[in-house]
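Have a look below at one chain only, the form predicted on its own, in structure tokens format.
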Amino acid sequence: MTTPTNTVADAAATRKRRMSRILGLGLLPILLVTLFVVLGLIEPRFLRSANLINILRNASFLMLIASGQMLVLIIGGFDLSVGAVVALTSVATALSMTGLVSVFPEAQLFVVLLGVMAGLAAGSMIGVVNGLTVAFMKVSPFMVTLGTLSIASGIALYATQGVPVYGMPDEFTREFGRLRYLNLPVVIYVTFGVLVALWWVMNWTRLGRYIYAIGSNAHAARVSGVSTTFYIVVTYTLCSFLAALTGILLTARIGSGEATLGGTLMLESIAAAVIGGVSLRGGVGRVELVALGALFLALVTNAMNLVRVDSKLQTIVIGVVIIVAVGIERFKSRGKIR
């Protein structure tokens, strides 16, 4: 026979489970739909096709870099250098192309290929340094990536003296950076492909399983035979590689290499990851929800631009969003919602 006490306890447990589902999965899609409807009602310009495509394009850049941040957070780390990697990649790509175009004036595609490879290599090397230092020297990820942030930013500024680098081949800036297929920018297709690949890696491969295992309990993973140092280095390298890819796509979009590119992306990538449910304690995160988190931030930013909110105030809003998202994550991790 069920007692009134048991009935009340069961009802309370049911309410907690429902709240957990809402905060764990349902809240973000609901917020996105609500924000979309509200913006469509109060701002007629929001629903214009050009504005919606612009939102998708901006969200795509953020999805790429936030998915890399997600990997590092899941494994129990942190990467403050992703914004600086974007800038370093932009400068390395632009300088390589402008230098090679005079040597191979008739081989524009070859110049573009070498420039892209140089940019990806420069950006990825920051991830290798981050991973090796964290894995072998056991230095705090916060301090390591803060140091590489300074190094990457300093190299980019020194190489350009703060002046944008122009003169890249038209095949890169016009034919690729502003290329559209079915009226959608190419960055949207690139981002979709990367997200699908990451979803597959995290759900169906050994790499994904080991990243989750190390983030959940590094000691247990090590005892089970997992090479934690190797996978930590791989994860940080992948994070920087995705940041470098973001830098190349942004450079193609704006048509110049800039040492100040990606200044806000570090903050926004963390915000998108945390909003998407990635735990700051490691072991938890889903790339599809991180993509929705990036889309949410892009919608918020677009709304503030439409109503002409000052850019400095926009940074404050993003900071408030991060605090709220971290508060919810900490509230859940303490077991108050099950």
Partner chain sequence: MSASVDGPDLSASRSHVWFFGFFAKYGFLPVILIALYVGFGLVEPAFFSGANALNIIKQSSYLIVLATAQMFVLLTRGFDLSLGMVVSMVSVASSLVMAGIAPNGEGPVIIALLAGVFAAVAIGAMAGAVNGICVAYFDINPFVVTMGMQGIAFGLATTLSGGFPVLDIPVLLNKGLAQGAWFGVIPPPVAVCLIILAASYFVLNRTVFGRSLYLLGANSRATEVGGIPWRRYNMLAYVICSSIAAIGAILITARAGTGEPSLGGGLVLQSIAAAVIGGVALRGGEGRVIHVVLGGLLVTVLSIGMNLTRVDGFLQEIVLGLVVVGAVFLDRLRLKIRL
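Positions refer to the first chain, counted from 1. Please read all numbers here as calculations on a predicted model, not as lab measurements.
Although not depicted, the form predicted in complex with the partner chain is the subject of the following passage.
Engineer: Scan 114, 155, 188, 125 and let me know which has any heavy atom within 4.5 Å of the partner chain in the predicted bound form.
Structural biologist: Contact residue from the list: 155.
Engineer: From the list 27, 35, 280, 306, which entry has a heavy atom within 4.5 Å of the partner chain in the predicted bound form?
Structural biologist: When the partner chain is considered in the predicted bound form, the option within 4.5 Å is 280.
Engineer: Given that the partner chain is not shown alongside this chain, does residue 137 nevertheless sit within 4.5 Å of it in the predicted bound form, heavy atom to heavy atom?
Structural biologist: Residue-level check for residue 137: yes, a contact with the partner chain.
Engineer: Under a 4.5 Å heavy atom criterion, is residue 47 part of the interface with the partner chain in the predicted bound form?
Structural biologist: Output for residue 47 is no: heavy atoms all beyond 4.5 Å of the partner chain.
Engineer: Decide whether residue 241 counts as a contact residue for the partner chain in the predicted bound form under a heavy atom distance cut-off of 4.5 Å.
Structural biologist: No, residue 241 stays farther than 4.5 Å from the partner chain in the predicted bound form.
Engineer: Does any part of residue 266 reach within 4.5 Å of the partner chain in the predicted bound form? Heavy atoms only, please.
Structural biologist: The answer is yes: residue 266 has a heavy atom within 4.5 Å of the partner chain.
Engineer: Looking at 89 to 97, 158 to 166, 243 to 251, 102 to 110, which stretch has residues with any non-hydrogen atom within 4.5 Å of the partner chain in the predicted bound form?
Structural biologist: Heavy-atom contact with the partner occurs in 158 to 166.
Engineer: Since the partner isn't included here, can you check whether the partner chain sits close to all of 56, 64 and 193 in the predicted bound form (heavy atom within 4.5 Å for each)?
Structural biologist: No, the whole trio is out of contact, none within 4.5 Å by any heavy atom.
Engineer: Under the 4.5 Å heavy atom criterion, name the residues of 129 to 146 that approach the partner chain in the predicted bound form, in sequence order.
Structural biologist: The stretch 129 to 146, when checked against the partner chain in the predicted bound form, contributes 133, 137, 138, 139, 142, 143, 144, 146 at the 4.5 Å heavy-atom cut-off.
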